[in-house]
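Only one chain is shown below, in structure tokens, and it's the form predicted on its own.
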């Protein structure tokens, strides 16, 4: 095993330690076995960040995912298994890609990968970073996990897929840029129509990951710096917002925004903490989000359609945050104003949220993180989103959620079972038939990968 930390690795290491500390503090008093999982996640995530080759990166990345499985399983074991299987699938694809690209028995050094396995790396990292179509695990896992686990999932775990893209994408890729724009739009469209506060934030995560993918795919140094800046600002803001959603659940016993009440009356400090995270997420001036989004838009100058997509996604982000703030803290949807508050937020959770607020405010005030001129363009989408929420509130009421890719997974499972049953019926025991089928499938798959590689490289 060999490790070779650089600036990008050290940023990821520091972020892992800070996010894990805040999440552990938010969880309150824990027994020794329950402290093992966060510590194991932090250790493995740090080792993955400084790994010197792809095999070592994948091993520690999967170990960090397994540690998160135990954290998610404290609340919902079915969701924990669901998360485990999807992450192992992504890790398996990465292992195959690493094996195919290795030369003379040595793993691929951490960095650019051979052209022949580039599409497989994008696919495997796409599962980790929730690229469009591969994001089916993200809303379900983020919404069902405990708040401290959701903060680590959204604030750091999905960023490891982004970190992998940092390493392999060194030139402009129109396909990846388009996928980033699609992620931003899709998350922004689905978010405002969620009634579960954590699902709402999960789709917001998907949208903001699209910003990072779009910036990385420019292949420029400015794009990489912008993506890294947004990675940091999003991790802090989204961690704080998931802590706020966890606070709502502790107070009202539910994540459903239709059943929460006027939390502002009894927990004003939590509303202001939510507001700090929301303003940074919306990219308003004097916040880290303003600086990072401004840099991303600078790096994408000349790509007008991509910039338009990111601007429209800003409207959706604003709508989502307005909905959570209004129904979660200010005005109950129905009946909640007549109910007594069943719970309170522990003091340790308040300290954790205060620490996150301090980090966001400090980064917003430091000279390197002051908004650049183009960050002012984030104000317009935020104001449009706020205006739409005020003037047309009916479509954004916390009612039933729309369907997404994850709702197709059970159907796909049934189809796969039927396919397997059909294949079993075709077993003839003829070795020549088996070899012919194997060679045909291998030819089709290799031809597809070759064409996909050429498309991505363009």
Partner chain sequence: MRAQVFHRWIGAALCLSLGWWMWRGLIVSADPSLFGPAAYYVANTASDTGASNIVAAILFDYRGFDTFGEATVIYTTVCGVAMLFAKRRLRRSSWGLSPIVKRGMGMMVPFILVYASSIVIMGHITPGGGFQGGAVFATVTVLFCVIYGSKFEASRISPKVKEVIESSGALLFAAVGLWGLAEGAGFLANLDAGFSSGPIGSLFSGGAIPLLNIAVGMKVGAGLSTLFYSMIKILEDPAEGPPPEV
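Rigid core here is just the name for the largest C-alpha set that superposes within 1.5 Å across the two forms. Numbering follows the first chain given and starts at 1. Every value quoted in this text rests on a predicted model; they were computed, and no experiment measured them.
The form predicted together with the partner chain exists for this protein as well; it is not shown, and the discussion that follows is about that form.
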Checklist entry - Has each of 4, 17 and 21 got a heavy atom lying within 4.5 angstroms of the partner chain in the model of the complex? => result no
Next on the checklist: Considering non-hydrogen atoms and a 4.5 Å limit, does the partner chain approach residue 39 in the model of the complex?
Outcome noted: no
Checklist entry - Taking the shortest heavy atom distance, is residue 390 within 4.5 Å of the partner chain in the model of the complex? => result no
Item to check | is_contact(residue 432, the partner chain) in the model of the complex, heavy atom dist at most 4.5 Å | outcome: yes
Checklist entry - According to a 4.5 angstroms non-hydrogen atom cut-off, is residue 10 in contact with the partner chain in the model of the complex? => result no
Item to check | Partner contacts in the model of the complex for 433-450 (non-hydrogen atom within 4.5 angstroms of the partner chain) | outcome: 436, 439, 440, 442, 443, 446, 447, 450
Checklist entry - Core-aligned, is the CA shift for residue 14 between the shown form and the other one 2 angstroms or more? => result no
